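A lone chain, given as structure tokens: the form predicted on its own.
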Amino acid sequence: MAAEAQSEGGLVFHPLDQFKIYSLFGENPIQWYTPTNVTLWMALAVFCIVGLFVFGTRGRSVIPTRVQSVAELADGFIYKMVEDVAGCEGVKYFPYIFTVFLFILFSNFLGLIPGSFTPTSHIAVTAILGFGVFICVTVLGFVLNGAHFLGLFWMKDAPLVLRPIIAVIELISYFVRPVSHSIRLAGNIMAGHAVIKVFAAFAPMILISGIGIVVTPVSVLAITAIYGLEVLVAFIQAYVFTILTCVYLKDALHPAH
């Protein structure tokens, strides 16, 4: 969380300080192998997923427990999404898509814990997810369809004179996919957390200024409302990332459609 201090009669706060990456052990320069706060919270997300889907469902009761019901609901929800969007042929790739959804979902929700860190607020994390989907889908498209995968960019229904222009536009939009895929997720998560921090910085105003009698209650109400919105955004962003992955998978499986 950003530091707040009274300076020259006001508050000094830095909403983006909460996104800083630091080493968990000492002040040594961060290398690719250095355990950081990002590493910690990504690991916690993985542990939560394992706890829910491995330990929470190990009984596999006919009458499911609450934890098992949540796991089955999530499984059925994403399975139906993959089947509806990508078709029956896309179901075989359900484990990968489900894993991506769960990782984003748990990372988003854990980031809502006060004092925590949200890995998906960093473009470095979401870019790996976005480009991972892009590379997998592209390779899969060529493996399954060969050169016919390029038919994705050639609009046969368009007038002949417009097809080359449309092909260029489609090619550019295709390579922009991983960028928009990753920036959309990181941008929405970062924006929400930054706004909460801005309003939180005004909450202590009642302690240092008379205007705080009005500002502090408004800040608290705003924080509560935005936090509730962020709970919804945490799920929606995981859902959007997943359904777009299913759409891209459908293009790889059926490039001529």
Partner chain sequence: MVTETTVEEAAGAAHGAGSAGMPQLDFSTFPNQIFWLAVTLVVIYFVMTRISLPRIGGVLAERKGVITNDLETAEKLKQKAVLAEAAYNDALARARVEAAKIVGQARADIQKDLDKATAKADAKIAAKVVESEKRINEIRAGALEAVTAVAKNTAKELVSALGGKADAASVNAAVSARLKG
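What you see is a predicted model, and the numbers here were worked out from it, not measured in a lab. Positions refer to the first chain, counted from 1.
There is another form of the same protein, the form predicted in complex with the partner chain; it is not shown, and what comes next is about it.
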Q. At 4.5 angstroms, heavy atoms only, are 131, 231 and 251 all close to the partner chain in the predicted complex?
A. no
Q.
Would you classify residue 75 as touching the partner chain in the predicted complex, given a 4.5 Å non-hydrogen atom cut-off?
A. yes
**Q.** the partner chain contact in the predicted complex: residue 35, any heavy atom under 4.5 Å
**A.** yes
Q: Decide whether residue 123 counts as a contact residue for the partner chain in the predicted complex under a heavy atom distance cut-off of 4.5 Å.
A: yes
**Q.** Contact label in the predicted complex: residue 95 to the partner chain, heavy atom within 4.5 Å
**A.** yes
(Q) Please pick out the stretch from 161 to 169, 148 to 156, 134 to 142, 97 to 105 that is in contact with the partner chain in the predicted complex, where contact means heavy atoms within 4.5 Å. (A) 97 to 105
Q. Using a 4.5 Å cut-off on heavy atoms, what residues in 143 to 164 are near the partner chain in the predicted complex?
A. none
